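We've got the same protein chain twice here, in two forms, each standing alone as structure tokens: structure 1 and structure 2.
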Structure 1
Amino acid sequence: MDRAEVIQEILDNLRRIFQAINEYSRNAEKETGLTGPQLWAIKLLDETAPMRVSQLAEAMFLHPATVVGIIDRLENKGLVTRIRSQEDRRAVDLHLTQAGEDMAAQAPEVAQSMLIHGLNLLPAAEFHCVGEGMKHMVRLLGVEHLTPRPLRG
């Protein structure tokens, strides 16, 4: 197997990983009844609530107007509440309701869990290889410095 073939295989495997993560997260969407962006917003709010609309928009790399719609739908489902800020009455603090927190806790991160679990069981040599391999890929793409954002579907 020459190098060109191995490169093809590496790219194929990268595509498989992509696909797997997308499909697992699609399952999460079906289980929760939420869309991808809605689930993403919930997860972010679960990490760092309260958040303002502009702050959430920035974290999601979306236009604030888009986030307003997403929050509207989450509010209708009783997962998020808007509370006008006392210090700055232009601003709105977004909070998760109890149901929202339950949803965030329940929503599975299947791919992530599988990787964490599997990596833990890997023999040292293989484990080391995975770590180094990923580091190389990141370097080749020139994105070592990138702040990683959550995997989404």
Structure 2
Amino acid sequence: MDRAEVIQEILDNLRRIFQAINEYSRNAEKETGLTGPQLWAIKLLDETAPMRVSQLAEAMFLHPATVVGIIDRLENKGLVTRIRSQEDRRAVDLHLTQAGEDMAAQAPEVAQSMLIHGLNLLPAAEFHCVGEGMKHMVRLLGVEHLTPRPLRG
């Protein structure tokens, strides 16, 4: 393949990724009324609750302040509750309500968890190749300074 064909393939693959994330997001929002990050939080809490905001943020690869906003919206929808920890009265544990558990059981999978699962299955050399490739893409676009925000998908 010549350089132009490889560039075309790279751009097509990026388009496919963005299309997939957007499609997962639209389907999730249609089915559940939740954004991708909200649904991802519900799915993670369903697997591991109770969790603290810091633990959920770590599992979602997001900043705790971002996750607090997600949890606020889920709490307003009656899907998550915050309960003071019995072991450490200063800490607050996140729990799903019954409605949250029902949502997690019937909701579709989210793109982020599919990506993380797939990345975790890659052999080390391929994993590092993907990581380096993504760093190069960020540098090519000149967006190293941007703070990453949650994907909608």
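Everything numeric here is computed off the predicted structure, so don't read it as measured data. One-based numbering along structure 1's sequence throughout.
- The form predicted in complex with a further copy of the same chain appears here as structure 1; structure 2 is the other form of the chain.
- Of the listed residues G69, N76, R82, E29, only E29 lies at a hinge between rigid parts moving between structure 1 and structure 2; the rest are more than 12 positions from any hinge.
- A rigid-body turn of 53° separates the smaller part from the larger between structure 1 and structure 2.
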